[in-house]
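One chain is shown next in structure tokens, namely the form predicted on its own.
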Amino acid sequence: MIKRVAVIGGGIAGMEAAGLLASRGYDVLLVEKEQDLGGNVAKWDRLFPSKTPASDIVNKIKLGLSPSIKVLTNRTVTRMIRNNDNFALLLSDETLEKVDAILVTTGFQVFDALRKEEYGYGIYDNVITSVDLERMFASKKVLCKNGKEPKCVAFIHCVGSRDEKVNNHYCSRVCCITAVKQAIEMKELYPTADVYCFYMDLRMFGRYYEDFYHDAQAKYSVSFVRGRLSEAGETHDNKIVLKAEDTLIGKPLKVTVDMLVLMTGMESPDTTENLSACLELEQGNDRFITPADPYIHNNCTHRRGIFVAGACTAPKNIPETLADARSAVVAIEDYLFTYTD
């Protein structure tokens, strides 16, 4: 009898896992809360450090989706009923889907910069987020609110990450390299613009990340300032005044820029609490889903037959997310072969 697997979340992890499961002969149900598949990556323009268009990656993964996969969008799981080694999932449209295993790949949500009022997002016209800027890059136009090209731009790292005030103590891992990428893109678009990156610690952990960071300084003259922004204000002509401390020299710093970009980090989605309660999963104090074992069984949960992959367990970059999805498929196959008829 063909086994059926439900994949909850249609981002790159969910699509990658669904495609692999289908190719191995499983009946796959893919449930996505949004209208379209692709998750956060589908909303991005280019990726670090190669500057590959994000659409290329999303489309390649979509090509791996077999027509046999049942894709349900605009739906969420509202209830789970367990019967021995089988599950029945009640969806938000009141339909009931029976499966033999469940894979959660619900990913992350971007931190809401409105929660950091001192940075002026939603208050000052020329304060935007890294997500906003990526949309501008996609349109090939980055302009201030008055329609003019920015001559001075500042990037603020760790917005919503490593911040006790918003109860996010962890590092989001990709914000530093994203800031470097976007700073370079800004200089490519406007070579004469002054570009600053205000950082706490630069975490260039991936292959070629250090090279990318070096190029930002040596080839593009991006200025890196170690120090957290304390306050942002607005002038009468809508420029942004930044007050910070350069912690390397121990002196206060005041800079006026045309545009301020907030590098917003990753958070566990607001829907994770309800889904975790529904599936009887555990969450850590960072609100991400907790695997059964972070070393050997990182794709398994404390509930037999329910698995996790991707950024629903912690911030990850794209290669890590896809590798985790593939690993989850192996774990699911092992479970279905060992524990079910």
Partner chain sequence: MIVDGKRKIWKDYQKEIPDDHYFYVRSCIRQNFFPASEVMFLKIMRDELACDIYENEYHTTCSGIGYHCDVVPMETTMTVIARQFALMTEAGYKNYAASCITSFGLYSEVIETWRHFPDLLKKIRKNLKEATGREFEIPEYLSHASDIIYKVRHDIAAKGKYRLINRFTGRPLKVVEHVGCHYSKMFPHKGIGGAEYPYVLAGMIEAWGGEVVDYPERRHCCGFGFRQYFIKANRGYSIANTHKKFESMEPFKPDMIITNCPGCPYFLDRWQYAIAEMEGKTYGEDGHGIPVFTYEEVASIVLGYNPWDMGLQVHQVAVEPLLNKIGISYNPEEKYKGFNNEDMGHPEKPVNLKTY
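Positions refer to the first chain, counted from 1. Since the model is a prediction, treat every value here as computed from it, not as a measurement.
Here the subject shifts to the form predicted in complex with its partner chain, a form of this protein not shown in this document.
Contact with its partner chain in the model of the complex, judged by any heavy atom within 4.5 Å, is made by just one of I123, I249, A88, A218: I123.
The contact residue chosen from T235, S139, N83, T73 relative to its partner chain in the model of the complex is T235, the criterion being a non-hydrogen atom within 4.5 angstroms. For the marked spot (E117, K165 and K243), a heavy atom within 4.5 Å of its partner chain in the model of the complex is present in each of the three residues.
Of the stretches 93 to 101, 153 to 161, 227 to 235, 190 to 198, only 227 to 235 has residues with a heavy atom within 4.5 Å of its partner chain in the model of the complex. Proximity of K254 to its partner chain in the model of the complex: non-hydrogen atoms within 4.5 Å are present.
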